[in-house]
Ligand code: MUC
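The chain below stands alone, shown as structure tokens; this is the form predicted on its own.
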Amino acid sequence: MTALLAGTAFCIARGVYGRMSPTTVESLETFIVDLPTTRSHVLSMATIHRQSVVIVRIHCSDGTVGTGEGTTIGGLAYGDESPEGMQLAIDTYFAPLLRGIDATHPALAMRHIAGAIVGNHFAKCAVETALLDAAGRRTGLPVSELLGGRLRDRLPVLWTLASGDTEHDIAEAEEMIARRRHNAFKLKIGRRTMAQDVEHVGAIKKALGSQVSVRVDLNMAWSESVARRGIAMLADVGCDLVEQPIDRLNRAGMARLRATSAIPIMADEALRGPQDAYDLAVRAAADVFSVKIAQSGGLFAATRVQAIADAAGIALYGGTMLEAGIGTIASAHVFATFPELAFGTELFGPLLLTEEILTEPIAYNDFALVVPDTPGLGVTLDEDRLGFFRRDRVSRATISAPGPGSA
């Protein structure tokens, strides 16, 4: 018996019951790329002409490399994180905590991060995405399988009409329908008067017809009293959904609007993770949740938001922070595990960019996005394109160039 116990202890020490030596995180790499948009993207709080994205790479001791992405809308105009801030936080605070940690247990690694770093949901999401991508590549499994298993391989994707010009938006929508790329549309409103916005929405809905879904996003632009009148008018012109009409902190107001609205009210800016999801559900302050992996605090957190919504009978919608390829596919893997997606998704971020940073673009066809079924995220970055659009490209070239009179 003594010999058996000694042998067992030796086996455990040597990793027979675990691993000979755990695969650890060796280093983190971050850099920002600036990618032009195909057109101006007009929101109530900002107009976007380019999207800045921080890329995170986690290098593991077994040679596996996982990639994540962090971005937001309009720098700090939308929320309290920016690509520049994410990069600084990851380099300064996340990296020292992760170096040497077991890379084969992403959830445990993120629990370690959560215990040491408050907030920083977008940065946490970027790091968690990279850890899950590495784990998937190592095990040969798609990220969706690491999150419990996908229930669908395709996700319906709408398109946001955000030029602000009615005729231009109608023509753009008709082109998308003809190409079978999108047949549902969200309109960004809130910069003009309420009456002008309703007229804009009504004209587009009339032009596109009853078979096409038209929704609106206020990005918190209206007061509660304006929203009460505006939502009723939007319902009259055929609008199907109103996203975050008032300030995210006015949850009592959201509940009052929801109680009297003829069309569903969706929470977006108000929904920053599972705790918010629970509070909104208890208050009956939303008919629909716009789930965003970055805003939720990561992929695991987004699945907890979904579970709360399902338990409360709240419908789901797959939101976007206008991510490029990595963040979009990470979101797709999460949304593919949701039992229901009553209002589809808006994972069109890469389609808004003039430049493709993946070696093989995400597949969009028949009004849907195809979720990859290969290991990890299932996408590969185009290193040449990344190198060209890296923000530090010019500064590095300047630093490395020999000065006047150099030998």
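Residue indices: 1-based, along the sequence shown. In this text, all values refer to a predicted model and were calculated from it rather than measured experimentally.
The same protein also exists as the form predicted in complex with the ligand; that form is not shown, yet it is the one meant from here on.
Peer 1: Report whether all of His121, Asp276 and Phe300 sit within 4.5 Å of the ligand in the predicted bound form, measuring from non-hydrogen atoms.
Peer 2: No, none of the three is in contact.
Peer 1: Find the only residue in Thr71, Ser296, Asn219, Gln306 having a heavy atom within 4.5 Å of the ligand in the predicted bound form.
Peer 2: Checking each option against the ligand in the predicted bound form, the one that comes within 4.5 Å is Asn219.
Peer 1: Work out which of Asn250, Ser213, Thr104, Thr160 lies within 4.5 Å of the ligand in the predicted bound form, going by heavy atoms.
Peer 2: Comparing distances to the ligand in the predicted bound form, the residue within 4.5 Å is Thr160.
Peer 1: Look up in the predicted bound form whether Glu145 has a non-hydrogen atom within 4.5 angstroms of the ligand, and give yes or no.
Peer 2: Heavy-atom contact with the ligand at 4.5 Å: absent for Glu145.
Peer 1: How about Lys292 - does it come within 4.5 Å of the ligand in the predicted bound form, if we only consider non-hydrogen atoms?
Peer 2: Residue-level check for Lys292: yes, a contact with the ligand.
Peer 1: Residue-level question: is His59 within 4.5 Å of the ligand in the predicted bound form, judged on heavy atoms?
Peer 2: Heavy-atom contact with the ligand at 4.5 Å: absent for His59.
Peer 1: Answer yes if any heavy atom of His333 is within 4.5 Å of a heavy atom of the ligand in the predicted bound form; otherwise answer no.
Peer 2: No, no contact at 4.5 Å.
Peer 1: Quick one: which of 200 to 208, 122 to 130, 183 to 191, 84 to 92 gets within 4.5 Å of the ligand in the predicted bound form, going by heavy atoms?
Peer 2: That would be 183 to 191.
Peer 1: Looking at the ligand in the predicted bound form, which residues in 316 to 330 have at least one heavy atom within 4.5 Å of it?
Peer 2: Heavy-atom contacts within 4.5 Å come from Thr320, Leu322.
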